[in-house]
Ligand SMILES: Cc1cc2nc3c(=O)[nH]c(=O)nc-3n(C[C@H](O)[C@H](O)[C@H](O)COP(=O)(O)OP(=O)(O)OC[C@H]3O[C@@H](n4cnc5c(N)ncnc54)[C@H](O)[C@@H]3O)c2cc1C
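Quick heads-up: it's one chain on its own, the form predicted alone, in structure tokens.
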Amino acid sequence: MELYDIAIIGGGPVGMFAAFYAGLRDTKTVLVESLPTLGGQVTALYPEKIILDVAGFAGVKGSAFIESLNQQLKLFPVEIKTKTTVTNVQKQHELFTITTDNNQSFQAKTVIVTTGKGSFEPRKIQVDGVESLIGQGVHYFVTNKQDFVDHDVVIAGGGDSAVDMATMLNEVTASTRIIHRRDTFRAMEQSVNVLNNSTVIKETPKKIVSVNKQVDGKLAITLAHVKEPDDITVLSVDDLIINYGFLSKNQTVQSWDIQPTHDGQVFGVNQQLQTSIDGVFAIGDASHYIGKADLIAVGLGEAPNAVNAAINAFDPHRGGPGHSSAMIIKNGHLE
């Protein structure tokens, strides 16, 4: 059975960077991801979104960010398993046996969990008939903003993703509206400032009460004022993008033999990012400690610490990491 130094479970941005850094530290590493491609939610849900919390970038499109991480991964011979779900993790004699849904098994000296908050699906809008219009002008995901060039678009939601989506699409649409049931938006302050200084039309505090397909192919969206229900507005638009956030669940992890102490979707960790089980670490949105912010930047910073702690767990006599500026990479190995 193949034996790795580190098994990283979860191929989102944090898992990808952890795998790169594990390669930088010259460890035998495998990266396991259940989706067909790496990138996690960034790839699956918002590849067009501009990410603002990555150091060194004034703003980077999600797809470009993941491509950069992919190029970084290629510097080292990290084994990558996509379309592979980990169905069980067992610990025996200080080694972890990892079983997957395609009847593969391998062992690892340590495990780093980077699954985020687990599988995800969009939070659905509770309006009759909308689900039957998915793909006919109603969307939960935007993978290419060029699909909306010169369209009249409505975005439903008031959080970071909805606000950022509105300002991003407003660059190419004929008109953009954002609907939120509250007077104020829940997004980051700077994102709200950008929205307020744009030509995006804000429909607040309002809610969608009906969506119907018109004869001309457009959508008729009926809005009601939250505080004055008789104040009705009907919009005729090409697209409705619903962005109420996502529901996450970690059922796969909960089926494993090992069960680190967790609170809901996330694992509690110590200063070394280790869970309650020796040799198992958790970073990114899969972990929690007092004062933590769930940002990509935080997860990226945790990755080297978890890798270094994992190495110390299986090889405590190995020296600590040197400065990367003093390293020379040749043919996938450090010199």
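The numbering used is simple: start at 1 and walk along the sequence shown. Keep in mind the model is a prediction, meaning the values are calculated, not measured.
Below, we refer to the form predicted in complex with the ligand, which is not included among the displayed structures.
Although the partner is absent here, D26 sits far enough away that none of its heavy atoms falls within 4.5 Å of the ligand in the predicted bound form. Proximity of I9 to the ligand in the predicted bound form falls within the 4.5 Å heavy atom cutoff. Contact check for Q72: every heavy atom lies farther than 4.5 Å from the ligand in the predicted bound form.
Shown alone here, G157 lies farther than 4.5 Å from the ligand in the predicted bound form, counting heavy atoms only. Using a 4.5 Å cut-off to the ligand in the predicted bound form, each of L35, K49 and F246 places a heavy atom inside that distance. The contact residue chosen from F96, F185, W256, F148 relative to the ligand in the predicted bound form is W256, the criterion being a non-hydrogen atom within 4.5 angstroms.
A heavy atom within 4.5 Å of the ligand in the predicted bound form is found for one listed residue only; from T204, T84, S175, Q104, this is T84.
For the stretch 179-205, the set of residues having any non-hydrogen atom within 4.5 angstroms of the ligand in the predicted bound form is empty.
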